[in-house]
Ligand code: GTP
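The data below hold one chain only, encoded as structure tokens and taken in the form predicted on its own.
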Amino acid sequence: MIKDDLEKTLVLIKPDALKNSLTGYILSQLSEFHTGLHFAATKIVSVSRMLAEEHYAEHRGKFFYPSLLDYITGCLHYPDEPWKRRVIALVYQGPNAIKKIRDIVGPTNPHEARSQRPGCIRSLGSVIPVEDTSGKVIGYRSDNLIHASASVIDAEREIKLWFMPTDIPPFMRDYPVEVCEEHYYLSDNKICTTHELDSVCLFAPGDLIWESDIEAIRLHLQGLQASCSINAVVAKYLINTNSDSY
């Protein structure tokens, strides 16, 4: 159980916020002065399709899911400037971190944010129509500038999806870790322990890994059901690499 003073939450500053130069404003709203929280980790991420799909896994099958993936990967806001497609991922830590951040962020829908919490971060967002292949509007997507974890369970899953253990300083890292004892590779979307042509090395002996990741990998190698997919395990280890096929 995470101690109250160590509670963590994931925050993503999304491509629409970056395009509209709202990064400084958002960081100032989330500063230690306002929240009593502090940074535990931060990184600039070129969001792969794999990472996007795992982050929004709960929305698979919904009409706005494809548009949501294009949104978080930056394809919608930077269609002709792929080098600008990125998000800023942060981990905040401190008492009641999840509630404090979500109170400042505001409701998911920017229209509701403006009505219910004027002045919150998401009140500056937009609601965008989603069209089908014929151009017919089939619903709406919220371009709401920022993501914030909704619960302790969500925060752990999301932080482990976006950050490796070594991205977080040791005294701020409270999820169990394990030192790897062998090589693990990704080849054709499968985990293997021997190097194959075009395989990607994920871990090597001595690497520090989330304990839940290594447990999931061992189960997958045995053909057993794990608590998460292989993609959820490996996505973070491919962040900002040249493994474009993933």
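Note that the structure is predicted; figures quoted are calculated from it, not measured. So that there is no doubt, residue numbering starts at 1 and follows the sequence shown.
A second form of this protein, the form predicted together with ligand GTP, is not displayed here; the remarks below concern that form.
- When contacts are defined as a non-hydrogen atom within 4.5 Å, all of 58, 63 and 144 contact ligand GTP in the predicted bound form.
- Of the candidate stretches 73-81, 144-152, 86-94, 161-169, only 144-152 has residues whose heavy atoms lie within 4.5 Å of ligand GTP in the predicted bound form.
- Not displayed here, ligand GTP is kept clear of residue 116 by more than 4.5 Å at the level of heavy atoms in the predicted bound form.
- Not displayed here, ligand GTP is approached by residue 122 to within 4.5 Å at the level of heavy atoms in the predicted bound form.
- The closest non-hydrogen atom of residue 14 lies within 4.5 Å of ligand GTP in the predicted bound form.
- Proximity of residue 100 to ligand GTP in the predicted bound form: non-hydrogen atoms within 4.5 Å are absent; the residue sits far from the partner.
- Among the residues 200, 68, 191, 45, the one placing a heavy atom within 4.5 Å of ligand GTP in the predicted bound form is 68.
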